[in-house]
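As structure tokens, one chain now follows by itself in the form predicted alone.
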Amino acid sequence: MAQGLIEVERKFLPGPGTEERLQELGGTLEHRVTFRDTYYDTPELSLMQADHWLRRREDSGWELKCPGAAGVLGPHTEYKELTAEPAIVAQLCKVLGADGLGAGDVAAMLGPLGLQEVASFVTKRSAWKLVLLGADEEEPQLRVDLDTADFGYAVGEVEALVHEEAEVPTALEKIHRLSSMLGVPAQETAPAKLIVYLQRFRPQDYQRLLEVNSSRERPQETEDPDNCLG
């Protein structure tokens, strides 16, 4: 199965001065965009319970976030992102114990895999990029997304994309440095949009995730979920 990029991210609660602070730090506003995300799972939330998050973004296609390396500690998450549909289908079949079911595009496999829509909401996002002072010019830029969902929840995310596990510690160091510069408390945690959506509109599903994740620090997304899938 083709491996996707490794997404290392930290979510935080943005304040009224967050964008101004990003400008002061040399950040560049890439765009402001509005989009709808729809998440899919089994009625028992088998994917989320396995820390897998399947999302279709309007006009952008499918994405499956899979857990990264074990033992990730602190107020951040690490996921591998799959966007190629054959790779997504292969991983879904593996997680759901449906090996040998066949192949196809994701939409065609929803029914056979017992997947259904569990959440759908619209997000307004301002997307920023910046390079920390002193960083190597060849290093990937950090991305900061500031999101407001249509159900009233606002969350920010500092993100770095890397290709190898060996790059994760450096990415984490940069994420924490920038978070500190943005005034984010060292141990502040902020749930992903999807987690808050479930808490507000599907409390029984939210409670199920809490119980399954009782041994973890917190339920993890995105956005999204969000920390899943964002």
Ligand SMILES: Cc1ncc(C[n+]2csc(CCOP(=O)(O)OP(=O)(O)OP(=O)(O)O)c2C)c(N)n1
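Predicted model, so just to flag it, every value in this text is computed and none were measured. When you see a residue number, it is the position in the sequence shown, counting from 1.
What comes next is about the form predicted in complex with the ligand, which does not appear here.
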property: Shown form pocket vs the ligand in the model of the complex, superposition, backbone/C-beta distance 2.4 Å; result: blocked
property: Contact label in the model of the complex: R125 to the ligand, heavy atom within 4.5 Å; result: yes
property: Heavy atom of H176 within 4.5 Å of the ligand in the model of the complex; result: no
property: Proximity of D51 to the ligand in the model of the complex, heavy atoms at 4.5 Å; result: yes
property: Partner proximity in the model of the complex: R57 to the ligand, non-hydrogen atom cutoff 4.5 Å; result: yes
property: Residue stretch of 180-188, 33-41, 162-170, 199-207 approaching the ligand in the model of the complex, non-hydrogen atom distance within 4.5 Å; result: 33-41
property: In the model of the complex: members of 10-32 within 4.5 Å of the ligand, any heavy atom; result: K11
